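The chain that follows stands alone, in the form predicted alone, written as structure tokens.
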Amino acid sequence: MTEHIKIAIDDGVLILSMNRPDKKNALSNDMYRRLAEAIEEAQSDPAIRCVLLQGEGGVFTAGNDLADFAAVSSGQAHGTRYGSVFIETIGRAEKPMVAAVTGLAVGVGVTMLLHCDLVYVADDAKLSTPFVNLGLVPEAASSLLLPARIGHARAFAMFALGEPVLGERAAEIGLANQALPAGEVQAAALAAAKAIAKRPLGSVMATKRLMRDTAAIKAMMDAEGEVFTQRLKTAEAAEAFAAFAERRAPDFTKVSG
């Protein structure tokens, strides 16, 4: 439902708030679509000079709605999968983006941060990328961008072990700009977004372009997307989704990759 994405504009800042508290802001296909559309529209809207991503209810996002993944895995999903559209959109976005992260940031909730230019986190936020736990692989060019940001060893541990990194630690290792008490995060992020919005936009965008190899990012997104799609149809993924639905621990020793 589109009401699960709240949209506001404040002093040149487009504020996109994920608002599905009963599901910890897990992203549905429709939510991905609305986010992608809003960010794409912002690129050509002269009134918007910066984009701020945040979550309502004290949570950033629990990541992709696993029911959607399960539907793809079982062959029941049809039509456009807007998760990929969203990922491609943030990958090529030229206007600056800021994130305010509180509570949980899971999967794409972390990988989207790699496309944000400023990231503010709650010191007790929990950031995790449990792709391998689901029998999947990283997405959003994170297999390229996360090692570049925090180093191969830390990135592989986040991907393969899926254990959360607390916000304070995320700031220490360069995954976020600053860790703050949870109640201060959104205000700090909005203040930073407004400050960016007051800078010369052409210069800001040119700087962002120079700092990002968009061709390499797109190539990695394509490579990840191909493998991710293949992995969704494996027995390992099916076991992971079945275990989640049945509220039990998965047993990957009885299935082949």
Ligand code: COA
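All values derive from a computational prediction rather than experimental measurement. The first residue of the shown sequence is 1; numbering continues from there.
If you look for the form predicted in complex with the named molecule, you will not find it shown, but the lines that follow are about it.
- Checked against the named molecule in the predicted bound form, the residues Met97, Ala100, Leu104, Leu145 give one hit for a heavy atom within 4.5 Å, which is Leu104.
- Checked against the named molecule in the predicted bound form, the residues Ala26, Ala197, Ile39, Leu53 give one hit for a heavy atom within 4.5 Å, which is Ala26.
- The named molecule is not drawn, but in the predicted bound form it has a heavy atom within 4.5 Å of Ala62.
- The closest non-hydrogen atom of Asp22 lies within 4.5 Å of the named molecule in the predicted bound form.
- In the predicted bound form, the named molecule lies farther than 4.5 Å from every heavy atom of Gly162.
- When contacts are judged by a 4.5 Å heavy atom cut-off, Arg248 does not count as touching the named molecule in the predicted bound form.
- The stretch among 183-191, 106-114, 80-88, 166-174 whose residues place heavy atoms within 4.5 Å of the named molecule in the predicted bound form is 106-114.
- For the stretch 123-156, the set of residues having any non-hydrogen atom within 4.5 angstroms of the named molecule in the predicted bound form comprises Pro130, Phe131, Leu134, in sequence order.
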